[in-house]
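As structure tokens, one chain now follows by itself in the form predicted on its own.
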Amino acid sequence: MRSCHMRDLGRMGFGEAYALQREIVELRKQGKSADRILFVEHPHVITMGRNGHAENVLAAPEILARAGIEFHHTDRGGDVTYHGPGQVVAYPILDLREWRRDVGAFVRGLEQVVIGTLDDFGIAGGRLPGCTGVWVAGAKVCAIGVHLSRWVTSHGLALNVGADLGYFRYIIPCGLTRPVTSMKELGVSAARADVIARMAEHFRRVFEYAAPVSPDSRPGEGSLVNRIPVETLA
């Protein structure tokens, strides 16, 4: 079976995590890294995908700044979304040539990871026809936006665990005028570590990995990868 190294980066700014993703993507393209999944929680930030529309950001830059919200353009697909405390964000950096060369299957796989995770906590999540992400009773609980370069993936998913949903008022999430929800709003108070542990297991099942392995060969001493304290999920 294939292997994947999973890491919990804890709280990290979006810009720093984005730079880390890009570095690992280049290593993966060169065959110098195994598949990796990064788990992270971002401070308040709004990100705009490459297909985004400015009108879906409902607040002026100065208002966002006063609210302590950063804004970043990204190369992922999709429109605008919010990340913040109380979310579990997962960034899978996978070479799909070793799984399936099918972008749709990859996105459906990410959805299945979240559906399985929610089920472990007694929440019936599912898909909504014509929409990406995971939904509960018509409300989005998990947003998904990805980027592929030479079949190597980046970006990923953001599951609302205990996020303050009030911050979504600054945007039209993913360009859809539909409600958002969270595990907490659905009556489940779950520890971040427990959610990550279950999500890691579903990543292994859906993408057919063996148990996590020790880190593969590291890049040079000055690399951003080496400067990030990490924990291997057992």
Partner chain sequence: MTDVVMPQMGESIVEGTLTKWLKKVGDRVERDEPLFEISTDKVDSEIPAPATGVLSEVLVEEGATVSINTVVARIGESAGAAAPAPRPAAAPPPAPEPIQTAPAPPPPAAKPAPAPAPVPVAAEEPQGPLSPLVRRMAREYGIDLTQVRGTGAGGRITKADVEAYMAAQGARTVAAAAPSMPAPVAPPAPVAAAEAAPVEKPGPAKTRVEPMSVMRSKIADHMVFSKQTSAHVTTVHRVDVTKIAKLREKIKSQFQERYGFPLTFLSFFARAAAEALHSFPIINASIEGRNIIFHNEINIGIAVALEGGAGLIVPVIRNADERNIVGMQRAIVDLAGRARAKQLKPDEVQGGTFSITNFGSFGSIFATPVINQPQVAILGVGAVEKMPVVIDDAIAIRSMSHLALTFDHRLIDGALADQFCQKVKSILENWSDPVL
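Here the structure is a predicted model, which is why all the values come from computation and not from measurement. Residue numbers count along the first chain shown, from 1.
Form predicted in complex with the partner chain: not shown, discussed below.
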| item | value |
| --- | --- |
| In the predicted complex, segment of 180 to 188, 32 to 40, 193 to 201, 53 to 61 with a heavy atom within 4.5 Å of the partner chain | 53 to 61 |
| Any non-hydrogen atom of residue 205 within 4.5 angstroms of the partner chain in the predicted complex | no |
| 4.5 angstroms heavy atom contact with the partner chain in the predicted complex for residue 84 | no |
| The partner chain contact in the predicted complex: residue 78, any heavy atom under 4.5 Å | yes |
| Residue 113 within 4.5 Å of the partner chain in the predicted complex, heavy atoms | no |
| Output flag, 4, 44 and 71 jointly within 4.5 Å of the partner chain in the predicted complex, heavy atom basis | no |
| Residues within 4.5 Å of the partner chain in the predicted complex, restricted to 118 to 145 and counted by heavy atom | 132, 140, 144, 145 |
